[in-house]
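First, one chain by itself: the form predicted alone, in structure tokens.
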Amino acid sequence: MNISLFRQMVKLNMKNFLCFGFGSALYVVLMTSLYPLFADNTEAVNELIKIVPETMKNALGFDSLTSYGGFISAEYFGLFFPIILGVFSVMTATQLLAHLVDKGSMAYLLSTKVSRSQIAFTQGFVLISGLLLIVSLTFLGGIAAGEALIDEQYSLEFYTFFQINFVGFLLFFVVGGYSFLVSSLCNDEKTSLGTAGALTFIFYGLDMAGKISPDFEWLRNITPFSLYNPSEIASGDAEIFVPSLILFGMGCFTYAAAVVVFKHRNLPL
């Protein structure tokens, strides 16, 4: 890794990192502030849940909105968190490699005697650092909001909330990894953005389809999103060690593949 390049790229992207990070944290705070309304109307919420079709409950994680863990995992980590982190991962991965090739900036970087491997490895680490910052701010925002706004009887355990965020980080470690691999293969920014975005949309859609219909449950086996189940983690029913190990391995493989591909491919410089 090239430290000078890392510092410069983090500096260039820090505003983007903080916008996504604070946006995610503020949304968790907002959702947490709404939970007391649900807690005070438990019977009405239960009746509403009964109306929702079973398939939709499975897809959206609406089984236990009356607990704070079930509420925050369904309302934020099951819906908006994947969208926010998915957009960030695809967009940033494209900006860090394909954008530089497309705009001609990569020729300048290579002229500084920094090797292709160093550039790709450093840019990948920038993306991972951004993801880690966003998830950390989300975690801290959720913990602070929970302490300030949620009664102790409804509160989510620190370790459980950490697990939700940790496995979420590993999921988008993978999404960022294959997006970075696509970016390393493309000379055109739009092609990279479209391909990585389409892959993410397809994976997320397959996971939702598998949750909605038992006939299509097998589709979940081909998407990394199936390894992240925030509602089950919140309820204590999820096994996180094996999914975490699989996600970590997939992420490492895709980032390593991106470095190798970028090192050996022909660039239009």
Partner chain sequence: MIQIHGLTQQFSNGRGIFDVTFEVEKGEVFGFLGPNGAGKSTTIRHLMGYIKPQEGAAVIHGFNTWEQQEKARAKVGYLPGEISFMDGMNGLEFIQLMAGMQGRKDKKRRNELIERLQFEPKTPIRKMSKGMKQKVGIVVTFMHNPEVYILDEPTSGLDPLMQKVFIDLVLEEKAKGKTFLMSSHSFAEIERTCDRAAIIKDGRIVTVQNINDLQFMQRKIYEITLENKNDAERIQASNLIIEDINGNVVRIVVQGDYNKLIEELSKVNVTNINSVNQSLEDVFMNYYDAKETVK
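Just so it is clear, the structure is predicted and the values come from calculations on it, not from any experiment. Numbering follows the first chain given and starts at 1.
One more form of this protein, predicted in complex with the partner chain, exists but is not displayed; see below.
Contact annotation for C19: none of its heavy atoms lies within 4.5 Å of the partner chain in the predicted bound form. A residue is said to contact a partner when one of its heavy atoms sits within 4.5 Å of a partner heavy atom; L12 meets this definition for the partner chain in the predicted bound form.
With a 4.5 Å cutoff on heavy atoms, K113 counts as touching the partner chain in the predicted bound form. Under a 4.5 angstroms non-hydrogen atom cutoff, the partner chain in the predicted bound form lacks I143 among its neighbouring residues. Contact annotation: of the candidates I128, L149, L185, A107, the single residue with a non-hydrogen atom within 4.5 angstroms of the partner chain in the predicted bound form is A107.
Shown without its partner, this chain lists V135, L100, I84, L181 as candidates; in the predicted bound form, only L100 has a non-hydrogen atom within 4.5 angstroms of the partner chain. The stretch that touches the partner chain in the predicted bound form, counting heavy atoms within 4.5 Å, is 116 to 124, out of 171 to 179, 116 to 124, 135 to 143, 191 to 199. Contacts between stretch 231 to 254 and the partner chain, counted in the predicted bound form as any heavy atom lying within 4.5 Å, involve no residue at all.
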